[in-house]
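Just the one chain here, the form predicted alone, laid out as structure tokens.
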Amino acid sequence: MSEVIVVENLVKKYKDICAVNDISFTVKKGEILGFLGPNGAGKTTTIKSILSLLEYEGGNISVNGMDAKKYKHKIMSDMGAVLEGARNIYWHLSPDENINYFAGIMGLSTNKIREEKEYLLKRLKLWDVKDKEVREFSKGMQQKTAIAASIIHKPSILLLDEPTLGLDVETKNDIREWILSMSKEQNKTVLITSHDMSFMESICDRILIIKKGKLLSNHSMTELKDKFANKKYSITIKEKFSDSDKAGFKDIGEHEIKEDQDLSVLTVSLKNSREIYNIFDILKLQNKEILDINIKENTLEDIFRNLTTDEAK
């Protein structure tokens, strides 16, 4: 796949704060790239820089091989963006009117967009409310209106900043299926930020993790799990642990013991699964009877938390 967005050594400062600190990455054609980070990490700043909505102090950005600063207006015709909070629509206009307005900005007539507008309104389940004012809508309906208005000109690149924020499960699923269809069926490129880890895990081909303006990780979902995912073992024991028993686990790394009546559950997170045999040896020496063992691989949320927490230490 060819690279349609190239960010090289991007630096953006707000007075004495370095919001984006020398980060570099690419986005390939047809790829869904997730951009994760704590609040204030620099995600939105990076997206606004790609859109040339912000001036940046260092680095270069190119879109479809063109310098983003030099050819700002030309590249904008091939990008669609939805910023957090559906800020790119007018609440006193209807979905139909919003789409017509933004199509006009892109130089498209109502006749030229008629077929695409009908497709988007129906695909995003807005057809039945296309003439109602957006201010009367739920957050999810407003978000879908913002999406329709941002892509009426059929851009090949979509930049979505927190598209599922505050949405119910059904609307999240609608947007998830729509994004997948845009990428897989129409070969559109998607750069997406979100704090919804399960949503990102289900949709992204690759994940960038950023913290305090620095890029911590740039891997596919498979690579992330291979490199960073531990396995969690929950071992149920038929009695409570004494204080001396608990001390026997002080050197095994990350672990937790929960007790309920006459049962204990020891949960350990292991990078090397062979280390579980060391735990079995400890339990055997303590004459503990194992009732059940449950094994679970870390989720994207676990990996994200471990990476961002470890970096802060």
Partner chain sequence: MTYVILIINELKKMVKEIRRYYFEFITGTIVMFGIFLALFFGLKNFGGNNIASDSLDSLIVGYILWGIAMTSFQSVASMIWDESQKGTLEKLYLSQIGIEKILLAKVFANILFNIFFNIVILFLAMLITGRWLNIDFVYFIWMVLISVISLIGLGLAGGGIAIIHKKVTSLLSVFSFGIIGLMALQVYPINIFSFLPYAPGAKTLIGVIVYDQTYPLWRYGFILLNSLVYLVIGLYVFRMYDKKARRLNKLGVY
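Note that the structure is predicted; figures quoted are calculated from it, not measured. Residue numbers count along the first chain shown, from 1.
A second form of this protein, the form predicted in complex with its partner chain, is not displayed here; the remarks below concern that form.
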{"query": "Residue 251, heavy atom within 4.5 angstroms of its partner chain in the predicted complex", "finding": "no"}
{"query": "is_contact(residue 194, its partner chain) in the predicted complex, heavy atom dist at most 4.5 Å", "finding": "no"}
{"query": "In the predicted complex, residue 101 touching its partner chain (heavy atom, 4.5 Å)", "finding": "yes"}
{"query": "Its partner chain contact at residue 62 in the predicted complex, heavy atom, 4.5 Å", "finding": "no"}
{"query": "Heavy atom within 4.5 Å of its partner chain in the predicted complex - residue from 108, 237, 141, 203", "finding": "108"}
{"query": "Its partner chain: the contacting residue among 221, 83, 121, 182 in the predicted complex [heavy atom, 4.5 Å]", "finding": "83"}
{"query": "Its partner chain in the predicted complex reached by all of 12, 51 and 76, non-hydrogen atom within 4.5 Å", "finding": "yes"}
{"query": "One stretch from 174-182, 209-217, 194-202, 129-137 that, in the predicted complex, holds residues within 4.5 Å of its partner chain by heavy atom", "finding": "129-137"}
{"query": "Sequence-ordered list of residues in 148-164 near its partner chain in the predicted complex, where near means a heavy atom within 4.5 Å", "finding": "150"}
